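So this first bit is one chain, no partners, the form predicted alone, shown in structure tokens.
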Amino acid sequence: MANKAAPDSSRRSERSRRAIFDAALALVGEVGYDKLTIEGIASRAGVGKQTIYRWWPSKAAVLLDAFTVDVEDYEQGLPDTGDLAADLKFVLRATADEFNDPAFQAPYRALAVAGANDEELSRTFVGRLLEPGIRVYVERLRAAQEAGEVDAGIDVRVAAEMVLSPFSQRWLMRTGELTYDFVDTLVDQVLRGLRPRD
């Protein structure tokens, strides 16, 4: 009689983890963050709620991991074609497309709201997602500064936030649409203030 291989618990755990992530992301879009529950996630994922509590302390922690597990890393940085305005517009247009996608909006907005009341969650979200994103803008602006496209006296961290903050504010507070025209105008106006002085 052939010996059967023992079940691979790590593969089973990874399948369960992925099912939990998929369930959390789907449910937050369907019912919103306030009505999202560990019980609901467990039921949708086909696991016991104790399985979830073994890995995460709260629904916010589940949602944060679910939302960031497949986020592309920022190793490649922003494109550098030698034209700072074109590079920033290219990336921000793609970002606008992403932020306008309902599948992206629901978990991101939920985490923003939860983070406003949970300092630890906010720190984790910033460290895992926001800070690496800001860093690639800082690096691209520093390269432009070294190339003479940006004034040598500019604080490139503040400059990166000048580009990103109005974008985030408009989306988060729903003060207007994230359109390509908005992105292009934002980049042009910010860069007007960053160019070298004669």
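This is a predicted model, so every value here is computed, not measured. All residue numbers are counted from 1 along the displayed sequence.
Absent from the display: the form predicted in complex with a further copy of the same chain. The rest refers to it.
- For the chain shown alone, Arg44 is not a contact residue for a further copy of the same chain in the predicted bound form, no non-hydrogen atom being within 4.5 angstroms.
- At a distance threshold of 4.5 angstroms between non-hydrogen atoms, Arg140 is out of contact with a further copy of the same chain in the predicted bound form.
- By the criterion of a heavy atom within 4.5 Å, Arg157 is counted among the residues contacting a further copy of the same chain in the predicted bound form.
- Interface residue remark: Tyr180 is not counted as part of the site for a further copy of the same chain in the predicted bound form, having no heavy atom within 4.5 Å.
- Within 4.5 Å of a further copy of the same chain in the predicted bound form, a heavy atom is found for not a single one of Leu27, Thr81 and Asp97.
- Annotation for 167 to 193: interface residues with a further copy of the same chain in the predicted bound form are Ser168, Gln169, Arg170, Leu172, Met173, Arg174, Thr175, Phe182, Thr185, Leu186, Gln189, Val190, Arg192, Gly193 [heavy atom within 4.5 Å].
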